[in-house]
Structures are given as structure tokens and as C-alpha cells.
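Below you will find one chain, with nothing else, as C-alpha cells; this is the form predicted alone, and questions on how it binds or moves follow later.
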């Protein structure tokens, strides 16, 4: 299948005489083709081509114009996007142009590749001769067209409206098109191309600008803003403001008029189902399921606990039996006996026995006091007998030396554990004593106690802040008790500066020669001084911070009016996680406010999107100034008949805005009249179709023989006359 489209194929191609020309309006946005003398084109489609592959067969197909979105499930359109044959408004991709002409002639009903009708095709103003010659070559050699004529679409639209009395012979034609905007002056019904001008701004840029603004405003709905939808929103809601800044101030102030001009586009939205309160039966059913699951988990835990108790009891029995056997073994045979069991000494077996006993009591759920007592007994058992510690090494065998080192390690560990336990108990008793004293002071005189606590909190807070400031910036201030900007050396404390002095002494007191630092014993004393950390400021800082935190928590308990500092508040209270609210209907609404008139404003202010060119009103003045020397009366006739044509002149308010802009650059009292074409979109094709019916139309065409005989240079001088 060569083409995929929903456009019906014409069936009367063979009934039309071969002398009837085919009229083509080859626009950058839409392609229109039909017969001369008719009022409507036969075939209209977007001037784009897409060549995706079929997902099943891998065959490449050609899609010309708009395609049905349902085709996306059959074709892979991700690797082949829409392509146009135009660069701005000039045809330069003739491979794509050939696909478009094939499709257009096929929809017209042509059978085969030969087209035996004259062709009138439109082009842009001052079309490059290379593009024109390539188009003539394509029509003559590929389709066998007998004769071809090229005309400007703006001129055909102007002549068509002039024939209907909309505009005069002398006037200006302003055509804001799809990618460009042209202004052409007409004198005596003929275009004067020397006075024409162009700006690279059109409807494409307005649609793209609107798409970008909405995507930035609603990033969560970016996928909704397709090119087609942005085009529909532009044509349906955009307008030209008489005064942009006054219109923007209305929306900035939120006036009632601005609310009336605001439009809302509601995206598809399905409200979430309302959560109904569960019934009593549902609550009972869930409770029964939960109880059943809990019972199952309890049974599994009980079975696991029973299995664990059995394992520990068996292990305890084995260790007790092993100790009984060890007591019956002679002292000389003990090492060999222990090597077979995997233990090194009797103490290790007793430690393992105590550990298993403790685990068994824990598994059986005995009280905590008994467990602590068992731990104490285990510690005493491990530290009770260390017979090898006091024996000299030369009297021990290698195995006994290994056991001695192990006993030393066990003894050191046990003693360290006892010291840590004692220290913890002492600190706990001290904390309880201080708490009891604080409570007694508070009960004696609550007001005085609260005042003293607040003063203590204030002094410690200032002290901690001062230490932090001095640690960061040194001991220098700028006179206002604020730290000044100092260097790295001034930020060092006393201990760090002392280490720096020792390093400098070690580096420079040796003099020149070989570096012998470390060869003498006093060098190592110096090394110890350099590596020793005498900085006790951080330790004091940590103690003060802990005291501040304790006083702060105490003040929060007894004083409801106390508000801690933000730093302490952030450390003591968890950060609340923001809750996500459910989506509502308003979250799926696209509000069009200033975008309605901001996007079309680039027709008058192209610099807003980075195009440093003139707007529509300035282009009219530039076109008049470019004309050869004409009188004042001719200029007044030109501004007295300004015709607007092209798809981008359909915005409401563009005529009034253009009149106000041209009045600013014309002398006072000059007549200014701006009119819109009867149909700005189709008048170019209708004017060309009416022009092709004239009896002298054949004199304005050139045949295939003329093309082969005169070549490309003749096309350079070719120019159509619009008044026949």
C-alpha cells in the first residue's frame, strides 16, 4: 500500500478535458489542488510526509498529511517523524515533494504517472531560481506535464479580492503565513517586488510559543500539549490585544474584565471513588482474619522456641558430660583429650557451658535478675582461674604459651568489662542523685529554680556559640563582637599552633645538609609531641552542648512558655513529611490567561522569541520606503487599501492593532484602511483557479519544449502577469 489517508479518491478525472489546467496552492502548511474554474479545491491535506514501518511485516509505508491516530498501534512512528519539503517557505526537499505530488495526483483520480493537463502552481515571493527549476524539472520529467505556470499566492489572493471589490488596484498585501510574513505593494494591479519585504515569523512560531508556555506552566500535563492541540487552542482562543501592556495590567491586577477573558480547558478527569465506612460485618471479618494470622504466627514462634530449647538442652548435657570425663582423665593426658574435643582448655569448656546456660534461661523466659546473675557468674567463671599467667614462658610448651596468651586476653577483657560496668553504674547513680537534687530545689522554690535554670541555659548557649565562632574565625573581631574574616593560620587554636611551631623547628633548626630527623631518641619525643592531640576544646564543647540539651529538655517539661532555639528544635523533633493531597478536578484544568494575547503578539514583536526583525506595522512602512520614487498620493492610496490574507490574520483584533501601528509611522491625516480577505485561507487558490480560466492563460505558461530549449536561465527571467 503506497499511501495511507482518509481522503477519498476523485472519480471524474477522465471526464475533464485535457485543456483544463490543474491549480495547486503549494503552501508550507496545507496543500490544495483542484480544477481551474471551480470555487473549491478538490483535495486539501497537510503538507507533511511520514514514513513509518509496519510493526508486523517491517514494510515501510508513506503517510501523507494527517493520519488516523489509530494507525499508531500498527506502525512504528517513533523513528520517523513528520517531515516537510519546505525550509521557511521555499521548497528544498524535492524527494518529499515528489511523495506529496504523487499522493495529490492519485487523490485527484489520475491513472498512471502521466499528467496531460497544464499546471498552475503557487510559490513564495522572489522564489530562488534553483527551487523553481527543480520544481519545473520534477513536473516535466516525472509527470510529463505539457506546460507549467508559476505565480505568487499573495498576488492571486489580492487580485481575487480586488475583482470582488474588497481592495483597490493600488494597495498593500500583508500575508502572515505559516512560517513567514510578506508585505507586497500593488500599483495598477501588479505586484512591485522591489518594494516587498519578509519576516521569518508566522503561525508556526505562534503555535510553538504557546506550546512552550503551557508546558512550562503545567509540566505535569506536558504530554497533553501536542502540536495539533496547541494549534486548535491557538485558533480558538488567541487574539491580538489593542495595547499589550494595558491588557497585561488587567490580568496583573485581577480585574473582572480579565476574569471574563480567561478560558479554561478541562482535561479528562475521573473522580476517585468515595471511601465508604466499612460495615460491622466487614470489620468483624477483618478482625477474624487478623486473629487467625496472629495465632498462626504464635504457633510458629512457639514451635521454633521449643526446638531451640531442645537444642540448647542437648548441648548443655553434652558439655556437662564432657566436663565429667575431663575430671576422670589424668593430667598428662588432658592436652590429647582436649585436642580430640576441639577445645583448648577446661576454662573454655566452662565458658561455653555458662554461655549455653545463659541462652537456655533466655529462651525459657526466666526473669532478668536471674539472667544478670548468670552473666555475673559467667564473668567470675571466666576470670576465676588463670593458672598459666604467673608461670614464666621458658617453662611452658608451645601449646601452653598459646593458652597463656589466650588467658591473658580473657583476663584483660573480663577486667575491662567489670570496669565499664562499674563506671556505668556510678554515672547512673550520679545522674539519679543530680535529678533528685534538682527536684528538691524545684519543690523548695519553683520560681527561683526556673529563673536559675533559664540563666544557666542562656550562659551555656552563649558559651557554645562563642566557642564555635572562635573555632571558625579565630580570636579576632571587627569591633562589634562579630568575627572578622581571617586566614587559616589565625583560625588555629593554641594546641594546633604549638604543633605548627614544633614542625617549623624540626624543619629549619637542622640547618643545611642531610635530613637526619629520627636518628636520635629526642627526635621521637618531638614526634610524640607533634602527634599528641592536646586540644581539649572540642571535648569541652561536646560536654557543654550535652548540658544545654539536658537543660533545654528540662525547661520544656516544667515551663510551657519555653521555646528552644531552631538548631535544638531541629535535632530534638523529627521533620514532618509533607502529605500528598488527593488530586482534584482543578488539577486537570488548563487556564489560558495572558497566553491568549501574548503568543500572537510576536507578529508585532518578533524579538520576544529571538528574531531581530520588524513587526507587521513596521513592515508596511519599510515596504513603502523601498518603492521607487512615488508621489505622496500613491503612498496614500497604498495605505488606503491594505489587504490582509493568510491563515495567521484570522486573530481577532489584528486589523485594529495594525491600523494603530501604521498610524504611528505615517504622517498625520494619512488615510489608513485595513481590510481582511473574504477567505484568507482559500482566496489564494480561488484567485489562481479564476486566473487559469482566462483565455490568455496559455500565454503565461511555458511548455516542456521551451524548458528543454531555453533551460534554467530562462526561468530566472520568468515572471507572471496578473492583469490579463
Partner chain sequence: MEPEVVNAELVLPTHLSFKRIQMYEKYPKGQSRGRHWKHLKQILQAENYQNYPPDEPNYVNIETPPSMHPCKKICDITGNEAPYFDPRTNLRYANAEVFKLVRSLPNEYVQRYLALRNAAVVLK
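Numbering follows the first chain given and starts at 1. Quick caveat: nothing in here was measured; it's all calculated off a predicted structure.
Beyond the structure shown, there is the form predicted together with the partner chain, which is absent from this document and is the topic of what follows.
Undergrad: Could you tell me which one of 325, 422, 113, 336 places a heavy atom within 4.5 Å of the partner chain in the model of the complex?
TA: Contact check passes for 113.
Undergrad: Could you spot which one of 75, 178, 651, 457 gets a heavy atom to within 4.5 Å of the partner chain in the model of the complex?
TA: Only one option qualifies, and that one is 75.
Undergrad: Do residue 106 and the partner chain come within 4.5 Å of each other in the model of the complex, heavy atoms counted?
TA: Contact with the partner chain, yes.
Undergrad: Taking any heavy atom pair closer than or equal to 4.5 Å as contact, tell me whether residue 389 reaches the partner chain in the model of the complex.
TA: Close contact is absent here: in the model of the complex, residue 389 is far from the partner chain, nothing within 4.5 Å, heavy atoms only.
Undergrad: Although the partner chain is absent from this view, report whether residue 193 comes within 4.5 Å of it in the model of the complex, heavy atoms only.
TA: Residue 193 belongs to the contact set for the partner chain.
Undergrad: Please run the contact check for residue 310 against the partner chain in the model of the complex: heavy atoms, 4.5 angstroms, yes or no?
TA: Close contact is absent here: in the model of the complex, residue 310 is far from the partner chain, nothing within 4.5 Å, heavy atoms only.
Undergrad: Among 594 to 602, 157 to 165, 339 to 347, 444 to 452, which stretch has residues whose heavy atoms lie within 4.5 Å of the partner chain in the model of the complex?
TA: It is the stretch 594 to 602.
Undergrad: Scan 612 to 630 and note down the residues that get a heavy atom within 4.5 Å of the partner chain in the model of the complex; none is a fine answer too.
TA: Counting only heavy atoms within 4.5 Å of the partner chain in the model of the complex, the contacting residues of 612 to 630 are 612, 613, 614, 618, 619, 622, 626.
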